[in-house]
Every structure is written in C-alpha cells, then in structure tokens.
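Each of the two blocks below gives one form of the same protein chain as structure tokens; they are labelled structure 1 and structure 2.
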Structure 1
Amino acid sequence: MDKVVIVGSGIAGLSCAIRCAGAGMHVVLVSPFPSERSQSVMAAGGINAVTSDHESGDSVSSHIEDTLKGGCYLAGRMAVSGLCSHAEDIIRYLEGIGTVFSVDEKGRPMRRAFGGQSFKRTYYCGSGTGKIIVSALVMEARRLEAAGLITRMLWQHFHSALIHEGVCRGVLLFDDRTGNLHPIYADAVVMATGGQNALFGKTTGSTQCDGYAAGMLFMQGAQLKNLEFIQYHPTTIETPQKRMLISEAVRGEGGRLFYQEDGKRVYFMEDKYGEKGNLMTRDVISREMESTGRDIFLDVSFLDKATIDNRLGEVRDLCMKYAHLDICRDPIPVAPSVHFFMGGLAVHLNHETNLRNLFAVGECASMYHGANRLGGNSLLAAIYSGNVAADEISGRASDENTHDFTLEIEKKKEALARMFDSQSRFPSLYIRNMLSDTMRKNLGIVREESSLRHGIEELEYYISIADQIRYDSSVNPYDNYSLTGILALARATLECALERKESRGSHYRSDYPETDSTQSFASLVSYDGGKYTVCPDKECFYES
C-alpha cells in the first residue's frame, strides 16, 4: 500500500507511523495535539521484556504464561506469544533510537518487578518511562517527517470513517482551526486513539482519551470486544479534576492500608491475607477496599524520612502539591479508580478490524490483556501492535476500487452546521457528567444484574435525548458531536457486563461470584441500527 492515515499520535500511533514510513509508505499522522500531550507520557512504571540477559530462571514462555494467567486465560495464546517474543527486539529498538533507560553503574538497563510477574522484567526510565519513550519516538518520527514520509496534521479530531461495503477508504476529520470537516482518503486507516476515560469522568488518565472514535466506528459497523474488563487501580487520590495515581511502589516499600473504626486502625488487608496482604493484586485490593464501605488510608508515615525521600520522592511531591499532604506525617486518603481498558476494537492477529483496511492499535484495540492487564504490558503492546499493523499494511497491495463519498460528506457537514447554529447555552458536558455518574454507580468494581439493567435504562434515556438537545456551540464542536459515539460505547460496555454471568479478572459479579470455565471466551458486541448484540467469540474468530 502507498498511503496510510493514522489517527492518534501516542506511543502506538507513533510506532506504527515510524514503521510504515520506514517501509517507504506515505503516512499522515493526525491528532488534535502533539504527541507530548498524549496519555502515553503519563505511563510511569515501565515496559516488560525478557531479554537475553534475563534474570536466572526467566524466559519468554514465562512472560507468556504470566500474561495469559494475569488475563485469566481470555487473551489468545498466539497473540500473546507474538507480543512476548518480540519484546526484546522492541527494547533493543528503543535503545537504538536513543531512549534514555535507567541504567546501573555499568551502564546496563535496569529492571524492576511489577505485580503478577514471576521475575524482574520491567525496563524503566526513572519515573517517566512513557514520557521518555515518547520523546525518543517523536525524534525518530521527526527524522521521517524531514524526509517527507510522515506528514503530521495537528488540530484534527476524528469524526467518522469513510466506509463503503465493508471497506474503509479514509477518514473524515474535524479541523479545530478552520472549523471544517474534511476527508483524507488512504489505502488503510489505523486507529490509535487510546482508552475510554470519558465514560467514567475522573480517572487516572488523560482527558483526551474519550472513547469516541471506538464508539463511532462501532456505530459504523466495527465490532468491539471485552468491554466489561476495566482495570481499577486501588490507590489513587481525589483532586477536584481527576484521580491521581499513587504508585504501587508505596505498598512495595511497606505502605499499609487501613480504615478507622472506633478510634482504632483496622488493617483489613493484613487481617484477611496476612503479612503480605497489602501486596495483593490490583483487582483483589480494589474489591476489598470497596467491600469495607469505609474511607481507606494508605500509611507510610512510619517509614524513616530517608526511605521516603529516596524511594518515594515523587509520591511525596505529588501528595504535597495536589493534596497539600505530608506523607511523612499523615496517611494518604485513597480510593480505587478506573485506570486501564482491556476492551476496545476487536482486531485479528494482524490488527485489522472486521472492516477491511481499518486497523486498530494500542489501548483502543483489544487483544493481549484478556480479563486483566499486567503492569508494563500495555506500553509493550502499544509498540508491538503498531509494528504488526504497519507490517501488514506495507505488505499489502492497494485496493484499486474507489467510491465517491461526496453526498455522505455533505450530509455530515450539514448536520455539523446545524450544531454550530445553536443559540442554546446547554453544555454537552452535563450529559457527559450524567453518563459518568451512571457508569460509576452501575459498572463499578462489583456489579450485579439489577444495577447493570438500571444503567442500561439510563443510557437508553441519554441516547434518546442526546440528538434532540441543542448544545452550547461556543465550546469546541467536537465536545458536542462526540456525545453520540461515547454514549453508544458506554451502552455497549454495560451490555457486555450484563451478558458475562461469571466473575473473571477485573469483572466481578456479586450475583455470579465464581469463574465459570464454560465462559472462557472473549465477548464481542455489534451494533445494528440501535440494536446491541453481545455474543461470546466461541469460534475464536479474532485469534486468526
């Protein structure tokens, strides 16, 4: 193929763009903002890989097993094997383009262990792994931009895909600066738009990850997968605008979780799971915290100041800056928060969706993490998936057929112009906030049928009014037109959670608390004129 358009310029979009351009393709890389503003820069902990100098006993197959087990055997073995066996190449590649990894006194990259891993295999760059990788990839992309192979377009929001008879032929974009919709035609389209934070309002991630693109493509015929699997991070602090992540390192250094009862501290994790209770996995701790029904605190004030300064300096600064709290003195008030989405656009092993020439990579695609993601695997998956899609696209012949989308585009322009015309002061943000209330209440850490049904009813209502309301047009038009796609995605997520009548990984049903071995299939959801159909992927359609 000759020309590809990539939507989203985080780590997945950048990786795909660089690889496509490296193969001689012309890439148009679009996003509203430069890569430095993507959620990828927030990844702190690291990226997993078993390399030839691995810890004694570790192996690629151990990485594969850990990943499959962490995901409760819902991710496909072939996909996960591909991911883990290419991890070393990816680390070497990142080193080769100048990524500043943390190194020991001999200059060798250092590794740490993340939860759910049998060995230390997480490479990291200080406390800013995502940021440092983005910086290196941005420079490498710049090399190809200068060579005329990558064209970056900023201020561009995805509007919809140009699809005819099941084949994707380009995208329609909204340009913030001109206020216009404009098409870009290409041989292939790659979506790299990240997770779906907006469904839940405040999360640990970026405001830019709203899930709209996945929702809109769903309405245009793309299948979605495993939406019910949403990772909660147990230790986050509340600020007026977001939930801020308190690193797992705090518990690693001995931090203790407790609540207050009758003036006494109850160390509920230690009481239930023994000495190592505070180090249980994210999903277990989140559920236990929730089941106490109390305000939970994380205490490190008993550690000596030097340990806090040397090992938890970033957490100390963050708490001081955002919560005005001195962790050397006071316990940190924490609560679980939505952190990562295992579900997203359903893709085959080559990262193509069910629509021909439409690909999805990074967090917006669902592939490697099954029912639960291991820390450090999503940066790896973002890069690997970008590479896989690029290799497929560059090796494929361009489709000679064309289609005239003029009429369709004109209609969409008219609909947008009607939105601009509005004199209303009603902010679409009100609906977004109602949505996140609904999702938090009914699709929390513990779910059950009646609340899921209640959530679906509320969603039906929002969807029924969303198109009727006139919105304040003084905000960015994207904020208004994106509502429909976001609501459809939210509804699909609730439907998937309702349909999975078992507990597995991050999906916990109080009415079906056990894992049911007959349900070890991914869930697929499709949309047809307002009808949502969920079915298990029994044929392993996407494992090919």
Structure 2
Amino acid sequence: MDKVVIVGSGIAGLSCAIRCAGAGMHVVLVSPFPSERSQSVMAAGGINAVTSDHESGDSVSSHIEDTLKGGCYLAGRMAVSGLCSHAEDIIRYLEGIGTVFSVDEKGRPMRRAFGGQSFKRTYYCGSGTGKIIVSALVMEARRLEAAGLITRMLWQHFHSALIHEGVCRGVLLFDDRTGNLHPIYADAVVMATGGQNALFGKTTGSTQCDGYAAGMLFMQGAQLKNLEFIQYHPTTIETPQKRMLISEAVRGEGGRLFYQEDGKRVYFMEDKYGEKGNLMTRDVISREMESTGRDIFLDVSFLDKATIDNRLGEVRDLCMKYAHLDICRDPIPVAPSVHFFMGGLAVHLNHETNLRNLFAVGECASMYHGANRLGGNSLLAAIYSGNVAADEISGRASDENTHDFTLEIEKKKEALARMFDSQSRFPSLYIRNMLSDTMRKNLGIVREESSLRHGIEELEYYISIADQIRYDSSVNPYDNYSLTGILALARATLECALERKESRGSHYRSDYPETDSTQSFASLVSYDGGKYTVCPDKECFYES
C-alpha cells in the first residue's frame, strides 16, 4: 500500500506511523492535539517485558500465563503469545530511540511488580514512563516527517469513515479552525483513538478519548467486542476536573491499603489474600474496597524519602498539588474510578476490523486483555498492536478505488449544518452530563439486571432526542456532533453487560455472582438501523 491515514497520535498511533513510514509508505497522522497532549503521557507505571536478564524464575511463558489468567482466559492465546514474545524487542527498540529506563547504582535495569504478575517485570522511567516513551517516539516521527514520509494534520477531529461495500477508503475530518468537513482518501485507515472516557464523565483518562470514533464506526458497520469489561483502577483521588490516578507503582513499591476501625488500621487486602494482597488484580481490589463500605487509604509513609523521591516523585507531586498532603508522612485517601476499557473495536490478529482496510490499535481495539488488563501491559500492547497493523498494511497491495463519495460527503455537511442551526431546548452538554450520570449509576463496579435495563431505557430516551440537540457555541463544535456516536457506544455497552449473565474479571453481576464456564467467550455486538445485537464469539473468530 502507498498511503495510510492514522487517526490518533498517542503511543499506538505513533508506533504504527513510524513503522509504516519506515516501510516506505506515506503516512497522514491525524489528531486534534499534539502527541505531547495525548493520554499516553499519563501512563506513569511502566511497561512489561521478560528480557534476557529477567528475574530468576521468570519467563515469557509466565508472562503469557499471567496475562491470560488476569484476563480470565477471554483473550486469545495466540494474540497474547505474540504480545509477550515481542516484549524484549520492544524494550530494545525503545532504548535505541532514546527511552531511558530507570537503572540502579550499578547500571542494571530496575523493574517493579504490578498486580497479577508472578515476577517483577515492569520496566519504568521514574514515575513518567508514558511521557518519556512519547518523547522518544515523537523525535523519531519528526525524523520521518523531515524525510517527507509522515505528514501531520493537527486540530482535526474524526467525523466518519468513507466506506463502500464493506471497504474503508479514507476518512472524513472536521477541522477545528474552519469548521469544515473534508475527506482524506487512503489505502488503509488505522484508528488509534483510545478508550471511552466520555461515557463516564470524570475518569482517570483524558477527555480527548471519548469513544466517539468507535461509536460512529459501529453505526457504520464495524463490530465491537467485550464492551462490558471496564476496569476500575482501585487507587485514585478526586479533583474538580477528573479522578487523578495514584499509580499501581505505589503498591508495587510496597504501598499498603487499609481502613480505620476502632482507632486501628485494618490491612484488609493482606488479611484476606496474604502478603501479596496489595498486588491482586485491579478488579479484585476494587471490589474488595467497595465491599468494605469504608474510606480507604494507601500508605507509603514507611518508605524512606529517597525511594519516594526517586521512584514515586510524580505521585508525591500530584498528591501535594491536588490533595495538599505529603505522602512521606500522610496516607493517601483513595477510591476506585473508571480507568481502562478492555472492550472496543473487534479486530483480527492483524488488527483489521470486519471492514476491509480499517484497522484499530491501542486501547480502542479489543484484543489482548480479556476481562481485565494487567498493569504494565497497556503500553506494551499499544506499541505491539501498532507494529502488527503496520506490518499487515505494508505487505498489501493497494485496492483500486473507483467510488465517488462526493454525494455522501455533501449530505453529511448538510446534516452538520442543520445540527448547528437547531433551536432545540436540549443543549449537547446537558445530555452528555446526563449520560455520564446514567453510566456511573447503572454500570458501576457491581451491576445487576434491573439497573442495567433502567440504564438502557434512559439511553433510549437520550438517543431519541440526539438529532434535535442545540448547538452550544460555548464549546467546540465537535462536542456537539459527537454525541450521537457516543450514545450509540453507551447503549451497546449496557447491552453487552446485560447479556453476560455471569461474573468474570471486571464484570461483576450481583445477580449472577459466579463465573460460568459455559460463557468463556467474547461478546460481539453489531448495529443495524438502530438494532443492537449481542452474540457470543465462541469460535474466537477475531483471534484466529
């Protein structure tokens, strides 16, 4: 193929762009903001890899098994094996382009343990791993930009894909500066748009990652997968704008969770699960915290100041800035919050969706994490998935495109103009706020049938008025037109949660509290003219 459009310029998008350009393709890298403002820079904890100097007893096969077990065996073994087997190559590549991982006084790489891991295999760069990796990838991308192989398009929002007879031919973009829609044609399109934070309002993630792209593509015929699996990170703190993540690195360095009872500390995770209780998987810890009904604290004050400064400096600064507390002396008040979405666009092993030449990478693609993601695997999956998609695209011949999209594009421009002229009493931000209230209330850490059905009823109402919303000139036009796709994604998510009548990983049903071995399959959901259909992927179609 000659030309590829990549929507999203975080770690997954950058990795794919660099590899495609390195293969001689011309890449158009599209995003509303520079890479330095992507959600990827917020990934503080680290990246998992078993390398040649691994901890005694560790192995690639152990990493594979931990990942499969952590995801309750809903991720495909072939996919996970590929991810873990290429981890050392990814670490060496990152080092080669300037990523500086933390080392000890003898220059040996330092690794920490994350929840659900049998060994210490998480490489990190102080407390800003994502930020350092983004910086290295940006410099590499700029080198390829200078060579004319990558073209950056900033301040551009995805509007829709250009699809004809099941084949993606490009994208339609909304330009923030002009307010116009314009097409970009390409041999392949790669979505790297992150998760679905807008569904829940205040989360640990970036508001840029709102799920609209997945929702719109869903309405255009792309299948979605495993939407019911939403990871709540157990340790976050409240701020006026969002939930701030207290990295799993804190517990990896020995941090202890507790609550107060009769003036004494109760280390509830250790009491129930032993010495590694604080490093259980995120779904387990979040449910245990929820079940206590008490205020929970995370303590690292017993660590020496040098360890905190050197390994947890960003967490120290965050707590001082937003909570006005010194973690060298005071415990951190924490609570679970929506953090990561294991579900997303359904993709094959090569990261192509069910629509030809439309690919998805990073968090917006559902592939490696099953029912629950292990900390440290997200950065690994972002880079690996970008590489896999790039290799598939570079090995294909270009399809001849003879379809004229002019009429379709004009209709979409007219629809957008009508929306902006609407005099409806429903402003888009009002409905967005109601949506996040509905999702938090009905799709929390613990779910049950009546609340899920209630949530679906509320979504049906929001969808019924979505075409009549009023354009709010105080916000970006994108925040108005994106509502329809976000609502469709939210409805599909609730449908998936209702359909899975068991508890598995991050999906816990109080009315079906046990894991059902007969439901060891992924959920696929499709859209047809307003009809949502959820079906089991028993043959692992997307992972074979």
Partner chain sequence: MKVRILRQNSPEDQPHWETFDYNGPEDASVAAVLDYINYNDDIETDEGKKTSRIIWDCSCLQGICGACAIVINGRPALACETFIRDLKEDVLVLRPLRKFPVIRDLMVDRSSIQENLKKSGMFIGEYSGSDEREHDHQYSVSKCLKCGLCLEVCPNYINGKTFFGAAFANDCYVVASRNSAKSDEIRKTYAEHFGSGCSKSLSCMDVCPMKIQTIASIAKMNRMKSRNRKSE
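Numbers given to residues start at 1 and step along the sequence of structure 1. All values derive from a computational prediction rather than experimental measurement. C-alpha atoms forming the largest set that superposes within 1.5 Å between two forms make up the rigid core.
Where the criterion is the form predicted together with the partner chain, structure 1 meets it and its counterpart does not. Once the cores line up, the CA of E392 ends up less than 2 angstroms apart between structure 1 and structure 2.
After superposition on the rigid core, the Cα atom of G313 is displaced by 2 Å or more between structure 1 and structure 2.
Superposed on the core, the two forms barely differ at R142: its CA moves less than 2 Å between structure 1 and structure 2. In the core-superposed comparison between structure 1 and structure 2, the CA atom of M280 travels 3.7 Å.
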